[in-house]
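Take a look at this single chain in structure tokens; it is the form predicted alone.
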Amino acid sequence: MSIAERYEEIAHCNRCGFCQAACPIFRSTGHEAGVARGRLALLRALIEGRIEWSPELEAPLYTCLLCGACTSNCFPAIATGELVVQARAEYLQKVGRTSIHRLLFDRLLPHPRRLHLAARAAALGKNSGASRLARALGLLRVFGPDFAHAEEIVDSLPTQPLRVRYPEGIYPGQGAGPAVAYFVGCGVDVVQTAAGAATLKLLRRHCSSVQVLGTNCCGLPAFSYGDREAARRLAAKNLEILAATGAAAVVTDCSSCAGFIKSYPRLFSGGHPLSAAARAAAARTQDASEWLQSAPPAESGRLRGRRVTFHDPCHAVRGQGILSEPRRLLQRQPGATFVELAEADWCCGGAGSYALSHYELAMRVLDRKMENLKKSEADLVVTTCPACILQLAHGVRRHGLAVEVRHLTEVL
């Protein structure tokens, strides 16, 4: 479906401006082009032929975080994020893909072993200081003007991916719970490996067995960029693997992966041959915070004396409707003081790889989050998205805060 086929939906925007109050980009810039009604006006002008497709459209189309806050604040509930993604797809068809995105979506993400090699090279460069030297010499500008700045977001990288430490296969558990499958997202696999190890430990503690799946990227990065065919190819490979497992549930500790797998039926809609498999995969997939409701960890007392808060990933709170689940888990920990974070459901500016091409905007959004974190006086902020963890940890260092950033499964 093209954006022209959704003209009536776009035309429902009455330009009331309520989206302004909820949009992190508009609140950071004050520019009308950066808010939902401005983007919808742009799409309407494209459909009506008042403007032409051109490279100048890249900025207004790709500065959207796709956080979904505008739709939550919209009386007709216009799915602006979906419409922007569709417009991005048409932009790629008419203007073209870049070579770096072809490399990422066609050559790297479909092949975990290649991703592991790239991650090891990145870890070597980061941990040795070579990447900082390359940044100082201006060598990273070949990847874009913002890439050099974004390189500093990652403090250090694991030298070994999670799925090298825990290869695909079935691992015995110590519990009486049903067997589950563990979907390892790319971010957890190569960056947040401690979170992955904690998740696997929790799963094995409660389940009779845990199958670490040999899946590739869930497809969300390609889909968000507008490359729907690349997203379908990635998702199709995963569906074959998911269909072959007999596990009662597929658990993932990446809220972005969980949200996108649950949306697979929309990716393979109508009479597509994979539509039934997509529905089955979506029905079995659980965010780790959902799964933990049926298998809550023992009260360890590890958070005793800690002042804890929670940041809601966009793909959890709006993508899946997960809000109270992680809070209940944290509130029941003995000796911990849970405090609510103001604007906890506001995007932190991570949005996957957003900072790689929009560093300054990402930092403005992050600074607002950090100001709220200061007011909470928390010494531990918990979340369930690898990109959010990276972004929040960078914000803590950037603002000089004595705050720890951890994944939910790590602290439990």
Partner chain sequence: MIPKTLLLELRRIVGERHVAESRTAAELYSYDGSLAKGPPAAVVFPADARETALVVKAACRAAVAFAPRGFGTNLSGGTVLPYGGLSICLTRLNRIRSIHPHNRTAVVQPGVTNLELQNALAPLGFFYAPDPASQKVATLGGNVGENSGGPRCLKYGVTTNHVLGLEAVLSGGEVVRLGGPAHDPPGYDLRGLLIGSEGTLAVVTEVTVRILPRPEQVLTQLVVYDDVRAAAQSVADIIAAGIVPATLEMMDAPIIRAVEESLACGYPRDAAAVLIIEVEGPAAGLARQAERIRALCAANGCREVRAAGSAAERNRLWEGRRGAFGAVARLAPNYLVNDCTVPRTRLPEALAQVAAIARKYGFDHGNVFHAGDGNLHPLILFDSRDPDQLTRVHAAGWEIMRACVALGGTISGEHGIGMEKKEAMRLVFSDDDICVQRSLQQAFDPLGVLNPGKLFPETATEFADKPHAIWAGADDLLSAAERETAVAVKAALADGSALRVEGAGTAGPFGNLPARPLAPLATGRLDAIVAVDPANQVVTAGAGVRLGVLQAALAAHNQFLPLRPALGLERRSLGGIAATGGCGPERLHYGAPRRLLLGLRFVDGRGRLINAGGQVVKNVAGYDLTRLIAGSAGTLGVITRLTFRTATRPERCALLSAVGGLEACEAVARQLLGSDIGAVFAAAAPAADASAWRLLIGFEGFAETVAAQLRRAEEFCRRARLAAVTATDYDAVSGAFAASYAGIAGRPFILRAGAPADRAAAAAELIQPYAACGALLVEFGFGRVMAGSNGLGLADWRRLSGGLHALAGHILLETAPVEFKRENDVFGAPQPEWRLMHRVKETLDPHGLFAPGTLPGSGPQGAAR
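Since the model is a prediction, treat every value here as computed from it, not as a measurement. Residue numbers count along the first chain shown, from 1.
The same protein also has a form predicted together with its partner chain, omitted here; what follows describes it.
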Residue 37 within 4.5 Å of its partner chain in the predicted bound form, heavy atoms: yes
Partner proximity in the predicted bound form: residue 21 to its partner chain, non-hydrogen atom cutoff 4.5 Å: yes
Any non-hydrogen atom of residue 11 within 4.5 angstroms of its partner chain in the predicted bound form: yes
Touches its partner chain in the predicted bound form: residue 359 (any heavy atom, 4.5 Å): no
Stretch 53 to 77: residues contacting its partner chain in the predicted bound form, 4.5 Å heavy atom cut-off: 56, 57, 73, 75, 76, 77
